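Presented below, as structure tokens, is a lone chain in the form predicted alone.
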Amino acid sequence: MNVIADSAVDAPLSARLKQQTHAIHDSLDSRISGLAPFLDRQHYVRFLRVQLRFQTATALLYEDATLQARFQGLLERSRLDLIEQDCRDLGVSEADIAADRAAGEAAVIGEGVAAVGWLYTNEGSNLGAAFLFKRAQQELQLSAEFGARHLAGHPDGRGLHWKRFKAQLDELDLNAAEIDQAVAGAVAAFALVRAAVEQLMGDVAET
């Protein structure tokens, strides 16, 4: 059954993805906020490791030739190297980095254009990282050169960077089945992050 609501059939793909992931996105944001990732650097490191798993899961998508043809400049958008540097800045062990890389590499992206949904989720998180970057700076004294590289904005600005990606996304000519695959990919991406949050941060009492 097509998961796209009839009322959204003519909406751009980015709007459809946003609508279909709104609930899981809000639930994830609330859960992470409740686990106080900026309470101190120890809490933040747990959050970093969640990000490392997700960035590892999506890294190969940024190197995929077919996706690069659909999204100009895709390779330069990958944040895996930045998150690994942030982890090492804050003393995450090589064993933990390797474990998180392995967990991310085990992710199943899905069939067809599911990868598009994963990219949407990742690029959208980069747009929303502006607030997180400010908190990392103000509360933990981190920066774009130490510990919070992956949260820093693109030199051209987050808004323009996202606008370019969204325009490319909305130019894709997908049929109904492919749209369902993209939505399923986005939902799976959020689910992977939620699972990582529970595994790496969930034993911390909410504040």
Ligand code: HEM
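What you see is a predicted model, and the numbers here were worked out from it, not measured in a lab. All residue numbers are counted from 1 along the displayed sequence.
As for the form predicted in complex with the named molecule, it is not shown, yet the points below apply to it.
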Heavy atom contact within 4.5 Å of the named molecule in the model of the complex, the stretch among 106-114, 93-101, 122-130, 70-78: 122-130
Any non-hydrogen atom of Ile32 within 4.5 angstroms of the named molecule in the model of the complex: yes
Proximity of Leu28 to the named molecule in the model of the complex, heavy atoms at 4.5 Å: yes
Heavy atom of Tyr62 within 4.5 Å of the named molecule in the model of the complex: no
Val193: touches the named molecule in the model of the complex, heavy atom cutoff 4.5 angstroms: yes
